[in-house]
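So this first bit is one chain, no partners, the form predicted on its own, shown in structure tokens.
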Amino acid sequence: MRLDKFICKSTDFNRNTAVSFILDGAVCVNGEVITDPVMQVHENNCVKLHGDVLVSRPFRYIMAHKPSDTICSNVDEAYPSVLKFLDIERTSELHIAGRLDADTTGLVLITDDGRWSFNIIRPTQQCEKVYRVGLRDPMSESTAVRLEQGVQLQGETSLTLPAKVTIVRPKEILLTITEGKYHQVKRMIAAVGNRVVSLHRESIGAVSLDIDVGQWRYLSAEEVACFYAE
């Protein structure tokens, strides 16, 4: 974690104040005065501000059920932020691991642990995301196979990675992907001549959505551990 961010997470000071303390020589790491705000500090480092040892607040790991017409952002824009549903302090420190479009509903994972969220979104982790997709036109078995084998997205030079498709009913499928390209599900469906009319994320990795729309809960220790790098 960056030194300036560590100070913010250990105190009630904002980023500008933390940077000022660092530049003024008021911060020591392992007994050495550090004046670089972006220096990385780790769990076993001893960080002192004005001689007092700082202890970072515990990381938070949250599941939320995103409604339609909300956005995965820290601030309201054209639509309200999904973080509005969290009745907890310091939501500005949180971020969403794997965002959803405003009209997409379902599971979002929220945290203030950057390393943990990176394990969810980094391509090499091959983290499976399952979406329930409503379609304009019926899905044929042959088209499902095309999606599973990989399709060419507009503007991309390579095929999408292999996916999994379960046809629930003619105009509804479960689509499992391991990538997170921009508007990927909608673009995959468009690439096979169809259109998404509804989109809902049901699970990420081993974590499945189990709360009502607009609700949230903290993840269990077992759920959090699913996304730690081996």
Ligand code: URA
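All values reported here derive from a predicted model rather than from experimental measurement. Position 1 is the first residue in the sequence shown; the rest follow in order.
There is another form of the same protein, the form predicted in complex with the ligand; it is not shown, and what comes next is about it.
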Where does the ligand sit in the model of the complex: which of 31-39, 45-53, 159-167, 177-185, heavy atoms within 4.5 Å? 177-185
Would you check, heavy atoms only and a 4.5 Å threshold, whether L199 touches the ligand in the model of the complex? yes
Heavy atom of T111 within 4.5 Å of the ligand in the model of the complex: no
May I ask you to check whether E148 falls inside a 4.5 Å heavy atom distance of the ligand in the model of the complex? no
Does the ligand come within 4.5 Å of any heavy atom of L100 in the model of the complex? yes
